[in-house]
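Next up: just one chain, as structure tokens, the form predicted alone.
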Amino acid sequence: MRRDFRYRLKSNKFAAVIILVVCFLAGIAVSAAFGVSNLPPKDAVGLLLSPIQSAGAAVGNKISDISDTFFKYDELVRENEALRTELAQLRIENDNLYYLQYENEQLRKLFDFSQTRTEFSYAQAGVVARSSDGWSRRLTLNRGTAAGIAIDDVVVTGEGLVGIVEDVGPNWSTVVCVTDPSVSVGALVSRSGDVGIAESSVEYMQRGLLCLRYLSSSASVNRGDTVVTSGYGGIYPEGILIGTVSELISEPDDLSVTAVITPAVDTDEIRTVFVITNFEQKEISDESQD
């Protein structure tokens, strides 16, 4: 756009020279027609220069207008850049506000959870890294043994189960997410009490899902049912939300059903978690074994 203005400016200067030459020639013609040689020198010069001065003034005004337009264009460009910078800054501030609101909501849910489940001891931690290589899914936390965190501690948010601590150091810990294929959780359907094993596979993990397996074909499970930890086995506390049934699949043997579960917690979004450092284990009763 600037190059176009410069080209037009050069073209107009060239045109101005042409006009001046034409006016000069016109002055000679006028002098011949009106007998300028018989006029006093002052009047002759005025007669010859008047049309040239008029044409020069017109050309000068035109060039001035073009120059003003050129400088105004530069000013508009600067203003536009300033507005773009301001808009980018506003977007950053808006994003920061969104994350602050989101984090505040997460903390409120964590607080509500801790007030509801007072039988647990907690260590609060922040998520500082996420990793997913297509075969596994893990989180890194900024708290470790110094905060009382140990291997096999269960990790939750106010929305539900996140996973289990796999490794730990003085000020860090690694969490295997519940959708990782290596994780298996004793689970039950809240509404019907049907029990099974919640676990995932590489295919389901990549879709962000897990399954409730080994359900009897006569199990009363429906889409929309909530699935929670059963508490059996001594690792996971009872009653922590795992997710919601989104699909039912009949197995080929017709003896069992698999329920596809959408997890309650999106591990790609969470920033703060609770690590349950102590809880009263639930043992499997003889009745349950029967």
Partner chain sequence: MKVRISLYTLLFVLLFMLEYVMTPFSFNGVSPQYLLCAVVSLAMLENRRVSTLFGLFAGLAVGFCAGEPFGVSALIFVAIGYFLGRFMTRSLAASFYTCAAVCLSVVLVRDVVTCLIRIAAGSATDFFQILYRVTLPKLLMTIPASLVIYLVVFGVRRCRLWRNIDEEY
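Residue numbers count along the first chain shown, from 1. Everything numeric here is computed off the predicted structure, so don't read it as measured data.
Separately, the form predicted in complex with the partner chain exists; it is not shown, and the next lines address it.
From the list 122-130, 78-86, 216-224, 148-156, the contact stretch for the partner chain in the predicted bound form under a 4.5 Å heavy atom rule is 122-130. The contact residue chosen from Lys109, Arg117, Arg191, Arg207 relative to the partner chain in the predicted bound form is Arg207, the criterion being a non-hydrogen atom within 4.5 angstroms.
At a distance threshold of 4.5 angstroms between non-hydrogen atoms, Ser184 is out of contact with the partner chain in the predicted bound form. In the predicted bound form, the partner chain lies within 4.5 Å of some heavy atom of Val202.
Using a 4.5 angstroms threshold between heavy atoms, Pro170 stays clear of the partner chain in the predicted bound form. A residue is said to contact a partner when one of its heavy atoms sits within 4.5 Å of a partner heavy atom; Arg138 meets this definition for the partner chain in the predicted bound form. Taking a 4.5 Å heavy atom cutoff to the partner chain in the predicted bound form, none of the residues in 75-91 make contact.
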